[in-house]
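Below you'll find only one chain, the form predicted alone, shown as C-alpha cells.
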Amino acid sequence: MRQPVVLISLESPHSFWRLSSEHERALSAAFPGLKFRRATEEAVPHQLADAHVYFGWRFAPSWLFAAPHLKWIASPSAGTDHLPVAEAHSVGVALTRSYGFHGRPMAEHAMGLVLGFSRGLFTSQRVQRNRAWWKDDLAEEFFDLAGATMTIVGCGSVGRHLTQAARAFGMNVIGVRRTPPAASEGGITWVHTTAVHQAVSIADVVVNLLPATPATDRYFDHNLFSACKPRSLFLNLGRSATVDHSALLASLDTGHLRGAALDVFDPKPLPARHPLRLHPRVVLTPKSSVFCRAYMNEAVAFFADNLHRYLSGQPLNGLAEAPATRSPLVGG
C-alpha cells in the first residue's frame, strides 16, 4: 500500500509565516508512515492527484476536482471565509481552521492600539513636528484604562486572551457572542448578541472580532455605532466586511467616537486619498495583528496534534461547520 500523502503549501515573504525545513523534518520524524510533499501555490493543483491531506494558506474551490483522494484541508488561519467550506463539505472533505495561538499577538496588538489612544501617543506622534507643546491637548484627550469597560463583540479564544491583557490594566470586560457560557468565566461578563446595543452603550472601548459571514455583513452599522457610548474607541481586528465604513466615518466626523483603529479594511490597500487614510482620529495597521515570531511553530504543532487525531479516527479540532449551521458571532 502506498504511503498516504500530505501536501503542504505554506509560502510567505515573512519567515514566521513560512514552513521551514526544520518544520518539515519534525513532521516527517513524527509521522514516519506518511509522505510529506511541499508545493508552491502555483504547483498545488498539479500535485493534488494523490494527496490525502492538504495543509496550506489557500485552497481554491476548483482544486477539489484535481484531488480525488483528498480527505482533509487544514489551514493555519483562524478564519475560514477565504476557504471553500461549502464546496469541501459537499464532497465530503473535512476543512479545519487553527486556533489558540492567534490570541496572544492579537491581544498585544489591540492593547497597543488602546494605549496609543488612551495616552495620546498617536496624537503626539502626529503633531510633534509642527507644534512646540501640546500638553493641554493631551490633558483633554487621554482616558484612564483602570475602571474603564471593554466590550468584545465576537468574543472567542482571541477575546479571552485580550480579556487577560485588558484586566491587567484594570479594565472590565463584556463578551458578546451568540452562545455565551452559562456562567461568568475568566473575568468576562457574558451577554447574548441580542443585548449588543446595551453592551456597547456602556463601553469605553469596543473591539470587533467578528468573522465574515452573511449574518455579520456590515454588522457595525449606523444603528450600532449610534448606540456606542459617546467618546468611545472602536477597534476592528475581525473582518472588514463586518463594518459599514461610511457609518464609521460619520460617527467619527460627528465626534460620537473618539477614534478608530483598523487592522482590516477594504479595499486592501486603501487608495492614497481614502477618507480612512486621511482621518486624524483613525489609525490603520496593515493586517499585522497576528504577526508573531513563533507563529509557524504553533501552527505546525496544532496541525500535528490534529494529524494524530485524523490518523486515529478522532474528531478534528477546528472543524469548519457547513454554512447553514455556522455560528456567526463567535470570534476565533
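In case it trips you up, residue 1 is the first one in the sequence shown, and so on. Because the structure is predicted, anything quoted here is derived from the model rather than measured.
Note that the form predicted together with a further copy of the same chain isn't included here; everything after this is about it.
A.B. asks: Heavy atoms within 4.5 Å of a further copy of the same chain in the model of the complex: which of the stretches 65 to 73, 22 to 30, 300 to 308, 286 to 294 has them?
C.D. replies: Checking each option against the 4.5 Å cut-off leaves 286 to 294.
A.B. asks: Exactly one of 187, 100, 79, 112 has a non-hydrogen atom within 4.5 Å of a further copy of the same chain in the model of the complex; which residue is it?
C.D. replies: Looking at 187, 100, 79, 112 one by one, just 112 meets the 4.5 Å heavy-atom criterion.
A.B. asks: Heavy atom within 4.5 Å of a further copy of the same chain in the model of the complex: which of 219, 122, 234, 225 fits that? Just give me the one.
C.D. replies: Filtering the options by heavy-atom distance leaves 122.
A.B. asks: Flag residue 89 as yes or no: does it have a non-hydrogen atom within 4.5 angstroms of any non-hydrogen atom of a further copy of the same chain in the model of the complex?
C.D. replies: No, residue 89 is distant from the partner.
A.B. asks: Even though the partner isn't displayed, in the model of the complex is residue 39 close enough to a further copy of the same chain, meaning a heavy atom within 4.5 Å?
C.D. replies: Although a further copy of the same chain is absent here, residue 39 would stay clear of it in the model of the complex, with no heavy atoms inside 4.5 Å.
A.B. asks: Since only the chain is shown here, I'm wondering whether residue 145 would be in contact with a further copy of the same chain in the model of the complex (any heavy atom pair within 4.5 Å).
C.D. replies: Yes - in the model of the complex, heavy atoms of residue 145 and a further copy of the same chain come within 4.5 Å of each other.
A.B. asks: Taking heavy atoms only, is residue 282 within 4.5 angstroms of a further copy of the same chain in the model of the complex?
C.D. replies: Flag for residue 282 set to yes.
A.B. asks: Within 164 to 193, which residues come within 4.5 Å of a further copy of the same chain in the model of the complex, counting heavy atoms only?
C.D. replies: Read in sequence order, the residues that approach a further copy of the same chain (within 4.5 Å, in the model of the complex) are 165, 168, 169.
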